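This document starts with one chain, in the form predicted on its own, laid out as structure tokens.
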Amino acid sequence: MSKPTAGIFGLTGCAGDQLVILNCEDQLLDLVALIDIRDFLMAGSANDTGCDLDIAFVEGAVMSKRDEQALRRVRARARTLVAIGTCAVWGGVAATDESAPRDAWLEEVYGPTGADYDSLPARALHEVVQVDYQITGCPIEKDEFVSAVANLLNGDAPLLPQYAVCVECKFRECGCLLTERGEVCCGPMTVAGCNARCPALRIPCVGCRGPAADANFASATAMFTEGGVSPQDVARKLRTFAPQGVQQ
């Protein structure tokens, strides 16, 4: 029986999510034994760029006509498309301020040649094509990726957290940076999955994984206000990584 075919692709971004996949180490050997990775430019130069794919994993935001064309080609090839990383899922840092004077910035940075650059406002993948599943994170977590692949191979949707980072903070018995120190921590509104890595090190959460579906935003806003933190300050932090999520 042939193995499911897969491709791993990058649009405009830091390629950190692809690097996480390569850093799966021993688990990567298990993955290769279960799926036939046909197209993965970061891992090798001998790729089948035209074959049909059972699963395509795509990172990065759509920030140019070239990105859009590449994404549409991948979507046409793939039976299932999975957005990986905060840029692919939410637009990422590049989408923070869509009202910015893009043409003026291009001219300021690149001079007269900036007008000829293939540059568009950042978009998440689902704004361009249909996305079947998403794995958020900046970058994604290795364990979440491996678990998602296992779920997909079993014909199931990936099981990913919907609750907030604060839940993981409590599991780790971390002190609350908001109530104890009055710091702007986005943990109450940010989707878990990172094992509260930053708050456990006494670093406030900046919302890099995007908003949690199960977050109680009204309660969190009231808690921030009571702690002397402006809800606008929290919104600004959340918009840094997931502007579209905050707008919704």
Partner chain sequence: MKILKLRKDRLDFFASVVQQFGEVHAPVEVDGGYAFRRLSRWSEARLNYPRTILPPKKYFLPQRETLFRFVPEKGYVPSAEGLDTRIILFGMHACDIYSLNILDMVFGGAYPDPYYQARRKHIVIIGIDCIPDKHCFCRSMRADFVDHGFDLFFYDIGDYYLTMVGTALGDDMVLATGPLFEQPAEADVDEYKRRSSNKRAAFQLEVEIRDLPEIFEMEYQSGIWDELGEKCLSCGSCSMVCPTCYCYDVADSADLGTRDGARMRIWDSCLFSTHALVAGGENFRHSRASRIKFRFYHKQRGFVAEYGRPSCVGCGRCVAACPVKIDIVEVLERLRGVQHAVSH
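Worth saying up front: this structure is predicted, and the values here are computed from it rather than measured. Residue numbers count along the first chain shown, from 1.
Only in words, not in the display: the form predicted together with its partner chain, which the text now covers.
Under a 4.5 angstroms non-hydrogen atom cutoff, its partner chain in the predicted bound form has Asn216 among its neighbouring residues. When its partner chain is considered in the predicted bound form, Glu173 lines it closely, a heavy atom lying within 4.5 Å. In the predicted bound form, Cys166 approaches its partner chain with a heavy atom inside 4.5 Å.
Contact check for Ala220: a non-hydrogen atom falls within 4.5 Å of its partner chain in the predicted bound form.
Across the options 89 to 97, 110 to 118, 76 to 84, 141 to 149, residues that bring heavy atoms within 4.5 Å of its partner chain in the predicted bound form belong to 141 to 149.
Leu178 is the sole member of Leu125, Ala122, Leu178, Ile135 with a non-hydrogen atom within 4.5 Å of its partner chain in the predicted bound form. Contact check for Gln130, Val229 and Arg236: none of the three has a heavy atom within 4.5 Å of its partner chain in the predicted bound form. Within 4.5 angstroms of its partner chain in the predicted bound form, the stretch 21 to 46 places a non-hydrogen atom from each of Gln27, Asp30, Leu31, Leu34, taken in sequence order.
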